[in-house]
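Listed next as structure tokens is one chain, alone, in the form predicted on its own.
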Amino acid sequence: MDHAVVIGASMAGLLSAAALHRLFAKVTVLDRDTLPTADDHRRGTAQSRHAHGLLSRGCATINELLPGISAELIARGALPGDAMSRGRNIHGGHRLARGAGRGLDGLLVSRPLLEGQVRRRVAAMPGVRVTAGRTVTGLLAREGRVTGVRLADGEPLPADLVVDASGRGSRTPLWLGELGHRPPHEERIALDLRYSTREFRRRPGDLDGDLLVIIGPTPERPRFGVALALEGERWIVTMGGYGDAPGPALPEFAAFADTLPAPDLRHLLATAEPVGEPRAYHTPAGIRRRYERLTSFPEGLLVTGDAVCAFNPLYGQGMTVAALEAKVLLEAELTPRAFFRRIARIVDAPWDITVGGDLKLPVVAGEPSPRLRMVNAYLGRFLAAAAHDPELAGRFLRVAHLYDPPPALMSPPALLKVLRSGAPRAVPVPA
């Protein structure tokens, strides 16, 4: 095949291009933004100024697509670490037991550094061109097949395959209507997720050498906090809630840490020196577009990344899912129907995890099904048991990092441990 066009130089778009360059003589990545020449924020990723979790499986998958990129990032200051042995994981009001890593090695790296290095690697691939300032306004089609894209200046750009990786604001549903097809059904869960972020200088001895803190919300306290060690001896700290977030001033930001379900961030911020200005962000909803359920779809067009499913960012799943979806592009002779069915199986587990976690919070509108209520009740007992059992804690983190499916938490050995633990619904979480 000759030419593939990718719409969007997001992580999803760049990783898609990394896969497609093995199949196509020429790959063109089009982005409407001005792309930074250094590792800096860009307009199309406003969320890049907030804590970004690259899950362990996402890190491994990106290395499959771009071999050696972890070593390159570490050389630029990214920090290697294991999410279990070097992290404080507090979920559902329970501080998970610590222990040796269970294959959860990953990287702590800012979004600008990660995306910048991925973009450099992809742009250097033979036949790949990453082009800034080019807005796609429509699709070219002939005899029911997409044959390229139309740019804002009216220029047609022919292609054998078009991949839409343009994110939440994807126009593919509209373009499908223009081509005589139905748009996909859209599932939406209203979140009103609001959060603020500040950076701080990182000093030896902070958090006793741990590299990350994750404090999840509880039904009683639907607020969360994350601290990640980054290159440049920095902490990035993001805190927020469903419907509220800390104010921009440092005293308000620090006071918000007092209201979280665990005190770790309060202790970190008590003596931390701020760097730079605070940033705020708002995610109104999680969205999943059900392309796999369409009965007609034009050949020559695929959709990936947030354009298919935009998750609650609290769970840090987006980049990992995008990498897994990019790997699917390597399958030979993949039709749109086959592609969408394959990536639906990738999306199912993280979507169920986020929706299940959100719907157990009274502040999130929606009625959980009887099955979901039962699963959430069991998960509460599981997490209470995992506070004292490193093996159970490791099981939970492997699911959270998308290595194992959620049913792994209900395997016979896990069920037996949970039932024998007699774990209460909640336990204290001292630092």
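All residue numbers refer to positions in the sequence shown, first residue = 1. In this text the structure is predicted, and so the values were computed from the model without any measurement.
This protein has a second form, the form predicted in complex with a small molecule, left out of what is shown; the following refers to that one.
- Taking the partner from the other structure, the small molecule in the predicted complex has no heavy atom within 4.5 Å of any heavy atom of residue 206.
- Contact annotation: residue 52 falls within 4.5 Å of the small molecule in the predicted complex, judged by heavy atom distances.
- Residue contact with the small molecule in the predicted complex: residue 319 places a heavy atom within 4.5 Å of it.
- By the criterion of a heavy atom within 4.5 Å, residue 7 is counted among the residues contacting the small molecule in the predicted complex.
- Note on the partner interface in the predicted complex: the residue among 70, 61, 28, 47 having a heavy atom within 4.5 angstroms of the small molecule is 47.
- Residue in contact with the small molecule in the predicted complex (any heavy atom within 4.5 Å), chosen from 85, 259, 135, 296: 135.
- Remark: of stretches 76 to 84, 304 to 312, 347 to 355, 245 to 253, the one touching the small molecule in the predicted complex is 304 to 312 (heavy atom within 4.5 Å).
- Contact annotation for the candidate site: 109, 327 and 403 all lie away from the small molecule in the predicted complex (no heavy atom within 4.5 Å).
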